[in-house]
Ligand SMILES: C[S@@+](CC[C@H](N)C(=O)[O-])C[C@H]1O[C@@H](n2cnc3c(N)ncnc32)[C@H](O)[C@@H]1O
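Next comes just one chain, in structure tokens: the form predicted alone.
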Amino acid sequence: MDVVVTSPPYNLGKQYNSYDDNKSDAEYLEWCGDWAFQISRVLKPGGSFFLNFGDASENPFFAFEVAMSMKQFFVLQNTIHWIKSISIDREAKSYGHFKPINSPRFLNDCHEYVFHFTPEGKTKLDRLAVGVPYADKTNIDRWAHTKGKDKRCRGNTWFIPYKTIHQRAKQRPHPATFPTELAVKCIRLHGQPNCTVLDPFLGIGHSGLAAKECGDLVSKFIGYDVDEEYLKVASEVLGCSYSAI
């Protein structure tokens, strides 16, 4: 595999059809080690493994414990912050969606992590494939590293809001999905053409949609899920068949 992009259940008690999201921390971390080993077994030496993970305010170190459980198999090459909602004071505007926290102790949680693991920490990326234009266009000619292009590295903070939905049962029949754009950016950042992409926690197929959107960058996409109902939705969305094992 060239690229793995996935988002497993976060152990937050979500109501999945076929999966118990209420393991003890120790059980969950052991489970993570099991599937991380399988990913390490198939990932190419120059591959990228993008792991999206969010946590709860009551257990703030857990995302890092999950990341540490990968250490025996991978190097953490980048940590990306997926910003789901942002407020900009100077414009008095708010963008994106979040689930409000009704607590006098915690701030609303408006972000999740995307841990970028690689086998050796030496995987080259196409940083400008997900780059952003310069706000000050004079920088294009001022700095030699621009090479005349109006693009700079986006950095490790990505603002990607969820699309607004009106009927959850029809539009998002899954308790925990990530936006297609998040997976698109991961695949494009890896940047190698004709790559094979894997999602071992396919859900309803958003990573598959991302692979299709990336066009010639992806020659093959493989997705797995334990829930046949989710696979049915994914196959309809992606216009393909699936096999039950």
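Small disclaimer: the values here were computed from a predicted structure and weren't measured. When you see a residue number, it is the position in the sequence shown, counting from 1.
The discussion below concerns the form predicted together with the ligand, not included here.
Interface membership of Trp31, defined by any non-hydrogen atom within 4.5 Å of the ligand in the predicted bound form, is confirmed.
Among heavy atoms of Pro200, some come within 4.5 Å of the ligand in the predicted bound form.
Although the partner is absent here, Leu12 is not a contact residue: none of its heavy atoms lies within 4.5 angstroms of the ligand in the predicted bound form. Using a 4.5 angstroms threshold between heavy atoms, Ile204 counts as touching the ligand in the predicted bound form. Partner proximity in the predicted bound form, defined as non-hydrogen atoms within 4.5 angstroms of the ligand, places exactly one of 62-70, 177-185, 213-221, 43-51 at the interface: 177-185.
Taking the ligand as it sits in the predicted bound form, the stretch 1-34 comes within 4.5 angstroms of it through a non-hydrogen atom at Ser7, Pro8, Pro9, Tyr16, Tyr19, Trp31.
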